[in-house]
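One chain comes next, on its own, written as structure tokens: the form predicted on its own.
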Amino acid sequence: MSSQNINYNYSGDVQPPNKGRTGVTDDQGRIYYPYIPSDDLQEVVNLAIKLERPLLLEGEPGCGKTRLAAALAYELSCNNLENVQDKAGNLEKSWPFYIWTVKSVSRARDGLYTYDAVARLRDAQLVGSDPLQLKDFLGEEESEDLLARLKNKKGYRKFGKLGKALRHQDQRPVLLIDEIDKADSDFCNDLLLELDQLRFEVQETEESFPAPEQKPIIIITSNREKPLPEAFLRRCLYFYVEFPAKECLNLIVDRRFGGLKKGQKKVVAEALERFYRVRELLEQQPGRRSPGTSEFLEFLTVLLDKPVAEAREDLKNLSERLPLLGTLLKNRETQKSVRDGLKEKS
């Protein structure tokens, strides 16, 4: 596919056709849900695409940072791939989309590649011990494969998500580096060259991979658990994702649960009131984490699965409905403070 025929601009207008709780599944088994970006967020995504720079998104947990990359990949799939959806609306073929979820033990190099030196040493020991006995044990074909692999160092390296995105040639892939602030302080500094020049080397095989013609679209998320290095920040565009206002969250609900009946719409309206009341109470208590969009959608899923009268009664007495409250608040102390606040309000 020629890059001149691809529309990389992000509009935020493409929504999964089968409105409902299952979303749309791509050919990798990943699920895409409706996403409604603000005008500013849409603009900064397009700037990152145009300038070929990583986009660093910060914001409180649950505000929608991680979902943005999937929404971009979904829109690129729908706009640029032929026969992309089956009759159920799922993606028969999806845009190249890589997800690198960073953990506290993650190393920057692992996102580029891993090299299994231990496996190579083991294979060398197997071959050197007794070649004839090895052939009797493994069989001729597997023994030949082992010898061929041992002669080729490249057989022991495996590309990570960033390495795959930097080597993709057909289109500009989408790469999500999720929760980069979970890693140690050296992690970001170890990625400066790769994110700046989009090239890397594999030392063990003496391979060099230059910057690809189709540069990846890189979205990076952070929950601000620890500060990021200035040298890293200089290489990124930055945007703080605000938590959606009530009107926007209502629109997200409409896109996610489309086709609600009149009584269910009343449940949604009352659930929104209760949800923002909970957030208001927690904002008055520094150090308490407010529930996010994903938690509200789970909260609402539980309510919409009930008869309307029962759901409205649960909302009216939310302070006493601990299992339901547990979909929003994840520790006992926070639940107690919110229950007290809700009782005072009622």
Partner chain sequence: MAKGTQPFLDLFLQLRSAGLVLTLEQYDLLVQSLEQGMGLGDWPDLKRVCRCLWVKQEPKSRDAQLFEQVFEEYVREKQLVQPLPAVAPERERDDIGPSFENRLPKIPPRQFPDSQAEGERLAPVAIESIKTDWEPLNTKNLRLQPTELPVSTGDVEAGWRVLRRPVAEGLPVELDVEATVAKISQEGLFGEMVLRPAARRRTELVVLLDDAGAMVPFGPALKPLLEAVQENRVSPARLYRFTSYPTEFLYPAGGGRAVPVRQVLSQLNGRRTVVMVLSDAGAATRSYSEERVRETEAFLQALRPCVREVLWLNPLPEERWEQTSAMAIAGQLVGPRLGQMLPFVSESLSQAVLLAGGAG
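Quantities reported herein were computed from a predicted structural model and do not represent experimental measurements. Positions refer to the first chain, counted from 1.
Only in words, not in the display: the form predicted together with its partner chain, which the text now covers.
No residue of the trio 31, 110 and 270 has any heavy atom within 4.5 Å of its partner chain in the model of the complex. The closest heavy atom approach of residue 44 to its partner chain in the model of the complex falls within 4.5 Å.
Shown alone here, residue 279 lies farther than 4.5 Å from its partner chain in the model of the complex, counting heavy atoms only. Remark: residue 169 does not count among the residues lining its partner chain in the model of the complex, judged by a heavy atom distance of 4.5 Å or less. Taking non-hydrogen atoms only, residue 121 approaches its partner chain to within 4.5 angstroms in the model of the complex. In terms of contact with its partner chain in the model of the complex, the residue from 99, 202, 237, 150 that brings a heavy atom within 4.5 Å is 237.
Here is the short version: of 27, 313, 298, 40, the single residue with a heavy atom within 4.5 Å of its partner chain in the model of the complex is 40. Stretch-level contact check against its partner chain in the model of the complex with heavy atoms at 4.5 Å: of 226-234, 157-165, 173-181, 254-262, the positive one is 226-234. Residues 46, 47, 50, 51, 53 are the ones in 45-59 with at least one heavy atom within 4.5 Å of its partner chain in the model of the complex, listed in sequence order.
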